[in-house]
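Structure 1 and structure 2 below are two forms of the same protein chain, each written out on its own as C-alpha cells.
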Structure 1
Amino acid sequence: MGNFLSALLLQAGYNAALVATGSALLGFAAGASGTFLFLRKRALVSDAVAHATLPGVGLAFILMVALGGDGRSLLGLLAGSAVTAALGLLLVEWIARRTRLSEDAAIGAVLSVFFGVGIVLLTVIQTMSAGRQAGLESFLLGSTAGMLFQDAVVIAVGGTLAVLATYLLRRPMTLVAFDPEYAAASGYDVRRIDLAMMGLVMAVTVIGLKLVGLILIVAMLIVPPVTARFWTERAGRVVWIAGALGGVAGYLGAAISASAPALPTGPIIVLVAAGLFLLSLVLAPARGVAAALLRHRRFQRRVHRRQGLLALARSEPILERYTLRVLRAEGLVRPDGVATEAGRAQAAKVARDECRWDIARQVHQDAGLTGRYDGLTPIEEVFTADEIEAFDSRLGGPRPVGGLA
C-alpha cells in the first residue's frame, strides 16, 4: 500500500512519475477522441487502424537501418506506423464504399492482412544483425520500462492536438454520429467528417503504441466512452467524461504497475478501465444495473399496492403475501388483512379513479391523451381539477366500488 501511495503521489521515482503522467494524458486523449467513433457505431475501425500500424513499425525500422541509423528512433517508428495506419484506414473506407462488401468485412480483411504482414516483417527483422535487440515486440503489448522524457513529450503534444481537434469538430461529428442524412442535407461532407473521426483515432493509436501497444490501445479508445455513456444522455458530456475516465484509468494503472514492478503497465491500465466500466455498469444512477433493479422494485411495489387496494374496494381477499406486506408497511391493512380507515379511503379513491378513467376514454377520443393511462399514474397528473369534476358529474358524483366510503 505504501508503494502504491508513493506512486499515486508521483514520489516513486522519475520514471514512474513520467509514465503516470504520460498514461493519464494518453488516457484522456484516447477516451475523448474515441467517443465519436463509438457513437457512430464504428468501434471496430479502431481495431483495424491499430493492427495496421504494425507493418509501418517494421518498415520504418528497416528503412532507418538501411540509412545507417539504429532503427530505434521513436519518432521514426511512429511516423512509419502512421503511414500504414492511414493506408489501412483509407482501404477500409474504399472497400466499404466502392465494393459490395460491408464495413465489418472490410475491417476484417484489412486487420488480418496488415497484422499478418507486420508479424512477417518482425520475423525478418529478428534475423537482421541490428534487429536482434530492437525490442519492436513491445509495440504489440506496450512497454514503459525505457520511457524517456521525449516520449512523454510526444504523447503530451500529440494527445493535446487530438483533444483540441475533437473539441473543434465536436458539433459536426456529433451530427454525423447520430443523423448522417440530416448532416448531409445541412451541407456537411459526411465522408470527410467520417475520415476526420477515424483520423483522430489513428493519431491517438500511433502515439499510444509505445505505452499500451497496438492490441490494447483499442480498449483505451472504446472502453472509456462506453463507460461514460452510463453517466449521461448528452453527447457533449460523454466526450469529457470519457476523457476523464481514460485519464483516471491511465494514471491509476501506471501507479499500480509502478507499485508492483512485475506487472506490465499497458494491461493494468486496460484492467483499471474495465474495472471503471463494471462499477459504472452497476452503480450509474440512470442506466446502471442497481438503478434498474431499484426502478423495477418500485414499479413492482406500485403494482402490488394498486392491486391490493382494488381488492379491498371489491371486498375480495388478498392472497398475495407481498401485496399484504406492501399494504401493511403503509398502514393500509392490519396484520390480519382487514383494511384500516386509511386503507378504506385509499381503496375508495383507486376505485373511483378507475371509473373516472372509463369516462375519460369516452369523452376524449384522443389516444395520445387517454393512452397515458397505465393503471399507476394518478389521474390528477393527466387531467385538470375541472376536467376531473366533469367526470364526477357524469358519474353522478364520486362512486366508490364495493360499498367503501
Structure 2
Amino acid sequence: MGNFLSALLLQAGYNAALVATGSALLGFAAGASGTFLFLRKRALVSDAVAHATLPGVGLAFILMVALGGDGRSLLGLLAGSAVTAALGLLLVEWIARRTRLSEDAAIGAVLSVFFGVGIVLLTVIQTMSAGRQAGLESFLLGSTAGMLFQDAVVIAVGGTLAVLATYLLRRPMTLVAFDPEYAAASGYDVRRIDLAMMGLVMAVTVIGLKLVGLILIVAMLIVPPVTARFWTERAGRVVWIAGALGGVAGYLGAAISASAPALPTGPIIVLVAAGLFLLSLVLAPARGVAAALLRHRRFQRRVHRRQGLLALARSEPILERYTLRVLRAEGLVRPDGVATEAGRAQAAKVARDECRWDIARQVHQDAGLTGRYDGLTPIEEVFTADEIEAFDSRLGGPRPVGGLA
C-alpha cells in the first residue's frame, strides 16, 4: 500500500514517475483518438495497425544491426514499427475498397499475415549473434521493467505530442466521425482527415508498444471510448471523457504496476480500464444495463396496462395473462376477471382519450400528429388544456362507449 501511494504520488523513483506520466498522457491520447475510430465504427482497425507493427520492429532491428549498431535503440525500433503499421493500414483500406471483401476480413487478413511475418523475423533475429539479447519479445506484451531513462523520456514526450495532435485535430475529426457526408459537403477532405485519424491511432500505437505491447494497446484505443459513450450522447464530450478515462487508467495502472513485482504494466492498465467499463455498463444513468432493464420492464407494463384498459373500454375479452396480472395487481379487475369500480373509471378515461384523439386527428390533420397517436402518448402531452376542452365540447354528452370503439 505504501508502495502504491508513493508510486501514485510520483515518489517511486524517476523512471517510475516518468512512466506514470507517460502512461497517463498516452492513455489520454489513446482514449481520445480511439473515440474517433469508434464513432466511425472502425474500432478494430486499430487491431490490424497494432499487429502490423511487429514486422517493422524486426526489420528495424535487422537493419540497425546490419548498419553496425546494436539494434536496440527504441527510437529506431519505433520508427520501423511505424512504417509497417502504415503499410498494414493502407493495405486494409486497399482491400476493403478495391475488392469485394469487407473491412473486417481485410483487418483479420492484415493482422494475421503481418503478425506471422513478424514472428518469422523474430525467429530470424534469434539466430543472429546480436539477436539473442534483443528482448524484442517485450514488444508483444510491453515491459517497463529494466526500461532505460531515455526510453521513459520517449514515452513521456510521445504522449505529450499525441495529446497535442489530438487537440489540434479535434474539430475536423469529430465532424468526420459523426457525419462524414456533412463534413464532405462543408468542404472537408474526408479521406485526408480519415488518414490523419488513422495516423494518430498509429502514432499512439507505436508510442504504446514498449509500455503495454502491441496486443494490449488495442484495449487502450477501444475500451475508454466505449466506456465514455455510456455517459453522454454528445460526440464532443465522448472524446474528452474517453481521454480522461484513458488517462486515469494509464496513471493508476502504471502506479499499481510500480508498487509490487509481477504486476506487468500493460495488463494492469487494461484491467483498470476494463473495470471502469464494467462499472459504466451496469450503472450509467441512461444507457446502463440496470437503468435499461428497469425502463423496459416499466414500458412493457405500461403497454399491457393500456391495452387491457382499452379492451375493458370496448368490452372486449382480455386474452393475455400478463395483461390480466398487471390489471389485477393494480386492483383494476377482480380475481374473477370482472372490472372493478377503479378499473371502470380508468377505462372510462382511456375511452374518453380515444374519443378525444379521434376528434384531434380530424381537427389537426395537417399537424403531423399521426406518429404521436401511438396508443401510449397521453393526449395531455400533445395538446394544451384549452385545445382538449375544445375537443371535449365537440364530443358532446355521454354516450355508450360501444358506439365509439
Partner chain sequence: MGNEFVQFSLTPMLIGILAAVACALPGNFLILRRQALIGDAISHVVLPGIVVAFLVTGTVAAIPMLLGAAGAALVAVVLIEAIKRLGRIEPGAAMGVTFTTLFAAGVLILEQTDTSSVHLDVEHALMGNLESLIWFRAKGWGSLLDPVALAALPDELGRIAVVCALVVVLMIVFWRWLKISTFDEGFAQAVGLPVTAIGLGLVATAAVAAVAAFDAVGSIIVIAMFICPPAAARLVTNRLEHQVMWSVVFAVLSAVLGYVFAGYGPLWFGSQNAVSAAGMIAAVSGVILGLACLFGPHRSRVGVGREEVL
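Each form is matched to the other, and the largest set of C-alpha atoms that superpose within 1.5 Å is called the rigid core. Residues are numbered by position in structure 1's sequence, first residue being 1. These numbers were taken from a predicted model, which means no experiment stands behind them.
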| query | finding |
| --- | --- |
| Which of the two shown structures is the form predicted on its own | 1 |
| Rigid core superposed: Arg356 CA moves 2 Å or more between structures 1 and 2 | yes |
| After fitting the core, Leu90 CA displacement of 2 Å or more between structures 1 and 2 | no |
| Gln346 C-alpha moves between structures 1 and 2 by 2 Å or more, core aligned | yes |
| Rigid-core-superposed Cα shift at Leu164 between structures 1 and 2, Å | 3.5 |
| Core-aligned CA shift between structures 1 and 2 for His304 (Å) | 10.4 |
